[in-house]
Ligand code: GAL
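This document starts with one chain, in the form predicted alone, laid out as structure tokens.
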């Protein structure tokens, strides 16, 4: 049986770097970890030279010595492939492995993730170090799993080496077959960009004035994703040949220009995330704005991880102050915040939480990225808090294997995410709407899931009463058909402005907008505009409820069974439809002609019956997060207080406080940064 994420118990771990510490400290550290509740360590992700110090000369003694000591204890190990940091001999001899900036200038050795995925020689050398490591270490009884690389697409999620241009041409030729098809898809007739040979095509380069061809950019982001996925799969396939039957393969992070869903399906047993809520308090960016969700905003990221891997873990959980010697400095977590952020991860579905890191490094670029222990290793508040977390975890083990419960989901897909990077109109509309819905859902205690079209079928969509796709710029017939079936079978779908106006190449369609979505939404869009800066507030009335439109205005007209639900009440389009509903089968679709702010998002959630689905269980202050995990008929209520002051929530049903084992009901007080986990009877 798999040692973690097995549905039976919660497990704590930490990241440990034996290469950073004298060997006489190893056993003491391991014993101290175990006494604090740590059961798993992650090692070796940056230690290529400890196995292959010079090319082709392999020495396994260092990690053999460490693993020998580990196996004198009950500690378990996640062993990593070291490919995130190629050694100096490699980058010196084979400079083509290095990534480049957009001008084609190579990055230098000395950081991490300075390689590119497509260098043939780097692929060969990575395959060799992975195979040598797996063949030698995989049989170790202390090893329970493997992590691929470290944080794919972190630091940089764009690649501009000559190897990338060569691989990009292969990717495009396999996709399009002919240059004629590529030229048509990319619209290269515009500004005389027509290609007549494959070797004329490169990864995007710097151009004057405007960004590169947006259709090329969309394919380029797809290519970056495919490159990272291929790199991961090459390693995973090797490890599978050597790993013990119950050992798992995972990777960590969640970064841009990568289809993490597809990578997980191809190469992983589950996904792990690196959760650093303290980024919300970075000194160079933090502003104490009343509307900011601060560290609570990391729940959005955790929800997206859950869409990738319903059973997931945290490979790096914030434990100390973050910051490198180049920036990102933030304060030390306050008493209780380490517990709060741990329970935030668990509330959203994590059954494994591993802290970064056990000891704070005294060397290198992350000397200010603090772990559980400071430089001296002395007993400290964070270690005591870890011990308390372990006690709490031991009390709530029964929630392992339960699933986060949400009745509403936000839709997205990778093509629209990538298209947005090269489309300022899309970004300006989509970003505030997504932020607004998340904030409105948090403050109204409306648990949300995120669902990626392309990685979801009708059965998945039918789990939700309400689906919201804020701005579905690119639409395919397959997506339109899937959403139509969802609505016809009883679902409620909400779609916002600027939807349906691009095809899968990012080309604007010539049909009446919203294109393929028109039959589903019962909507025509005769005119549209950004809201003029001198227009003042543009307002919308929906059954007497008035709220402000944001950023953009589609001027709508009902067609094909659509009915007007709301109208603009200001500017030159006052009286023009702003919201159209169409009933289809047992369900209905709403097309809203603008973007959302938090108030309008809250109104939509309330009017559609999506807000506060657990109001019958508890009344929770706005400053606290409510989450529910469910296993069969058993529900587990999490209440997390993100404020420094005490908060009171009211439990309407009898439950068991899992921390204490006591029966509770009525008013319950949480201390500042306090948490509660209650099994509902």
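What you see is a predicted model; the values in this text were computed from it and never measured. Numbering follows the first chain given and starts at 1.
The same protein also exists as the form predicted together with beta-D-galactopyranose (GAL); that form is not shown, yet it is the one meant from here on.
A.B. asks: Out of 547, 276, 414, 270, which one falls within 4.5 Å of beta-D-galactopyranose (GAL) in the predicted bound form, going by heavy atoms?
C.D. replies: None of the other options qualify; the answer is 276.
A.B. asks: May I ask you to choose, among 366, 388, 329, 405, the residue with a heavy atom within 4.5 Å of beta-D-galactopyranose (GAL) in the predicted bound form?
C.D. replies: Selected option: 366.
A.B. asks: Report the stretch among 90-98, 454-462, 366-374, 559-567 that approaches beta-D-galactopyranose (GAL) in the predicted bound form to within 4.5 Å, counting heavy atoms only.
C.D. replies: It is 366-374 that comes within 4.5 Å of the partner.
A.B. asks: Considering only heavy atoms, tell me if residue 426 and beta-D-galactopyranose (GAL) come within 4.5 Å of each other in the predicted bound form.
C.D. replies: No, no contact at 4.5 Å.
A.B. asks: Are any of the heavy atoms in residue 430 no more than 4.5 Å from a heavy atom of beta-D-galactopyranose (GAL) in the predicted bound form?
C.D. replies: No, residue 430 is distant from the partner.
A.B. asks: Is residue 356 close enough to touch beta-D-galactopyranose (GAL) in the predicted bound form, meaning at least one heavy atom pair within 4.5 Å?
C.D. replies: Although beta-D-galactopyranose (GAL) is absent here, residue 356 would touch it in the predicted bound form, with heavy atoms inside 4.5 Å.
A.B. asks: Within 4.5 Å, heavy atoms only: does residue 316 come near beta-D-galactopyranose (GAL) in the predicted bound form?
C.D. replies: Yes, contact at 4.5 Å.
A.B. asks: Across 33-63, which residues bring a heavy atom to within 4.5 Å of beta-D-galactopyranose (GAL) in the predicted bound form?
C.D. replies: Residue within 4.5 Å: 46 only.
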